[in-house]
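The form predicted alone is given below as one chain in structure tokens.
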Amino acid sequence: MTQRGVNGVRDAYDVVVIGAGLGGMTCANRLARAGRSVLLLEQHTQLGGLATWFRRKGHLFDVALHGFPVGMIKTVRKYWSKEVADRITQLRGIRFDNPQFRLTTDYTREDFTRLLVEDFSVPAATVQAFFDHTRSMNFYDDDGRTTRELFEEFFPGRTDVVRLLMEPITYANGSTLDDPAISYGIVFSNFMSKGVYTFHGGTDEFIGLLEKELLASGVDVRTKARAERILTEPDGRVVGVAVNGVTVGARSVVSNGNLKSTVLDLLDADVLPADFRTQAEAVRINTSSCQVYIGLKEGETIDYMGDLVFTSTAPTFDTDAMLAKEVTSRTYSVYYPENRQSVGRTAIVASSNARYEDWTGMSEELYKADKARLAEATLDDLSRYLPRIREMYDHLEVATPRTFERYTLHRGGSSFGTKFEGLPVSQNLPQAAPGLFHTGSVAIIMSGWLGAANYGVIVANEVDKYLGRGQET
């Protein structure tokens, strides 16, 4: 069973995984199934990282917007179990409501093609060429273009088309028009296939099933176990971790934590080559988000209004406006009772992108007042769709970038890891510190449920190869 703390922990393992987000969990499970002894450490009280939930007074809330591409089914079936994969289901409808257009879609390539051709009057050949181009994008052929330049090539001057194609991806991974086009194209093409999916029954049941699989695979899972330091030999080779004041030996260590925290905080300053450390210091942290959690009273129901509702009052798509503290754009994730039968109540989570610096450096009194203003503004906006919303709910609370920083330890409360330059730092870490690997959210691409799980698999394979060389503790 999962234990709290480190009482009874073994002296040494083949692998210690720091952080039980989806990347760390998947990496740990794959390595354990390959016959490696694995210790999985999570500083929080429950597993999942940002793929998690909390309960309040009879309500159950996912911490953020959760939707992922159809590829998640294959990944979960192959690296977890058929039982878990069979409960992944497609969302029924994605709704857009902004000054430029209003529409509902199932977010498949076929429906988006129809919308772009019929409603937006884009030539079918152009739509086909754009979809084919994004599908073919990969790391090795990156031509250095920005997403803005990509859109200008295919849809010059079409701010409405840019909004339709860009806004959901910004919510999914924090990308902007000035980020590399490759970071947009890969994520967009993953989604632009057979729609958006979720786990039927809720994130709590999903993570519970993964925890069951971890234990069955032989992973030693510990919560309330915070890694304090990664231990190395004088030559930089990893030999263990310090956790809750205890030293645990390890032939390799995988960090599922924030990349910069891993490199700059958990390692002694002189472990890494100076040029590598400088490269890590230059990596930019991606943005964060705010959430307003709204739980409806028992017996209160709503007609179907979409599973995800992308709303905005901004005239056009504008990254600065999306990040501004005065919120103009929100995504409502609606959790209907039929998908959460264990709870039987409706919950709505309003998500908005945010800058960490807008929520720090203030008094506690001002912080609480700003949270209250965000809650009221959200209720005002939601009343456009649910006029009685203030009568319907009996629980409401707000999470900010400070909340994410507290519970995940991510620098800047980042919801999406690092910008694109974080990827080579993450990938090349084992060359700088032999035996140390990283599988946290990086490069915008390796974020979200599918990106995190797949990166966990990639890193597990690299760790297994490293251990196969006969390294000794």
Ligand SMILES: Cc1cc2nc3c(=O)[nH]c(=O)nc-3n(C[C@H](O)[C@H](O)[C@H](O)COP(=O)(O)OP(=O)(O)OC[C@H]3O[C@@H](n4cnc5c(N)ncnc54)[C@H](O)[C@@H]3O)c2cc1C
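Because the structure is a prediction, the values reported are computed rather than measured. In this text, residue numbers run from 1 along the sequence as written.
Unshown form predicted in complex with the named molecule; subsequent notes refer to it.
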(request) Can you work out whether the named molecule is within 4.5 angstroms of a heavy atom in all three of Ala225, Ser289 and Phe404 in the predicted bound form? (result) yes
(message) Just to be sure I understand the contacts: of His66, Lys419, Arg411, Arg36, which is the one whose heavy atoms reach within 4.5 angstroms of the named molecule in the predicted bound form?
(response) His66
(message) My question is simply whether Gly448 lines the interface with the named molecule in the predicted bound form - judged by any non-hydrogen atom within 4.5 Å.
(response) yes
(message) Whether Asn29 contacts the named molecule in the predicted bound form should be assessed with a 4.5 Å heavy atom distance threshold; does it?
(response) no
(request) Classify Gln43 as contacting or not contacting the named molecule in the predicted bound form by the rule of any non-hydrogen atom within 4.5 angstroms, answering yes or no. (result) yes
(request) Report whether the minimum heavy atom distance between Pro180 and the named molecule in the predicted bound form is within 4.5 Å. (result) no
(request) Quick one: find which of 270 to 278, 253 to 261, 373 to 381, 113 to 121 has residues within 4.5 Å of the named molecule in the predicted bound form by heavy atom distance. (result) 253 to 261
(request) Would you mind checking 83 to 107 for residues with a heavy atom within 4.5 Å of the named molecule in the predicted bound form? (result) none
